[in-house]
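This document starts with one chain, in the form predicted on its own, laid out as structure tokens.
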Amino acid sequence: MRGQAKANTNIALIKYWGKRQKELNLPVTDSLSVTLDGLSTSVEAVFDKAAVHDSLRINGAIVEGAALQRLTQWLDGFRQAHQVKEFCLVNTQSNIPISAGLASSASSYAAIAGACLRAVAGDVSSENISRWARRGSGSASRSVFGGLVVWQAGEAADGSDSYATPLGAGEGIVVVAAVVSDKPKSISSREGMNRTVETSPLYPGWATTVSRDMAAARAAIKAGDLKLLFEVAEHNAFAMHATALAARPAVRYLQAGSFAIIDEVKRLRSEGALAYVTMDAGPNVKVLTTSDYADVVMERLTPISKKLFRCGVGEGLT
């Protein structure tokens, strides 16, 4: 049994930060993202009767350790649900730069879920692929779709109502990713998220913040108002990082270089550019802009960034 799929990565505009159930990656709140073009993972999944264990290759290299263990855990749940006994050979090809804050796991597990479901000829609806992608990486649920995408938190204990749906085309959005550091994070996203939920005195207000920001973002998308959408996204990113900073011990991702980028974007905005920032669990900054201003953003950030990546809006799973 063999299946193939390709998925782009995405960047969260309204953040996913906190789980109501860890095993199934069920979030506390809804989240909103934009899928990016040009940054993708292609996966071939083969359930092989001759295989004696699961295997993982990334860009031709055999991968073991934590990444394989995480995949095997996901595959165990998949096999049980689909009454499959064979081990799986997973071969992935990705052009997403490592440690650039561009969510490679989102595109990876979206593509893995799509390839595996196509291999076993199960329910290959986008909704179901999104559910299975979520179990590998929460943000992967959103990479199943293109454009602007909402991942609904849901309420069901089994996660049946927690999946992503498309919200809009995202026409005109350009994302410039500014790499501040390409070193591995000292605190993983999962660890930082869990610590924030368990110890931050600000966390109870996070759900309220997201609810308000989601409503404002939906209104901005409906009105076609990118400026308002970007403003809401920037506010939400700072609120997430503030909530994490209040954890015990503090979860701190932003560095001096991060603030240098943020300050330069604010200067650009004061000069009339449509440019706002968002940051996930890491030091690298993503600038939300449009094609009218992307060139000047690139020009101004080049001297203070290690690398820059420019992306438009991407399509969903293929």
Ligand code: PMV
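All residue numbers refer to positions in the sequence shown, first residue = 1. Just so it is clear, the structure is predicted and the values come from calculations on it, not from any experiment.
The form predicted together with the named molecule is left out here; the points below concern that form.
Visitor: Residue-level question: is residue 273 within 4.5 Å of the named molecule in the predicted complex, judged on heavy atoms?
Guide: So residue 273 does not count as contacting the named molecule.
Visitor: Is there any non-hydrogen atom of residue 138 lying within 4.5 Å of the named molecule in the predicted complex?
Guide: The answer is yes: residue 138 has a heavy atom within 4.5 Å of the named molecule.
Visitor: How about residue 164 - does it come within 4.5 Å of the named molecule in the predicted complex, if we only consider non-hydrogen atoms?
Guide: Contact check for residue 164: no, nothing within 4.5 Å of the named molecule in the predicted complex.
Visitor: Report whether the minimum heavy atom distance between residue 105 and the named molecule in the predicted complex is within 4.5 Å.
Guide: Close contact exists here: in the predicted complex, residue 105 approaches the named molecule to within 4.5 Å, heavy atoms only.
Visitor: Tell me, please, which stretch of 168-176, 138-146, 89-97, 110-118 lies within 4.5 angstroms of the named molecule in the predicted complex when heavy atoms are compared?
Guide: Flagged stretch: 138-146.
Visitor: Of the options 281, 262, 268, 43, which one has a non-hydrogen atom that comes within 4.5 Å of the named molecule in the predicted complex?
Guide: Only one option qualifies, and that one is 281.
Visitor: With the named molecule taken in the predicted complex, which residues across 169-204 come within 4.5 angstroms through any non-hydrogen atom?
Guide: Contacting residues: 189, 193.
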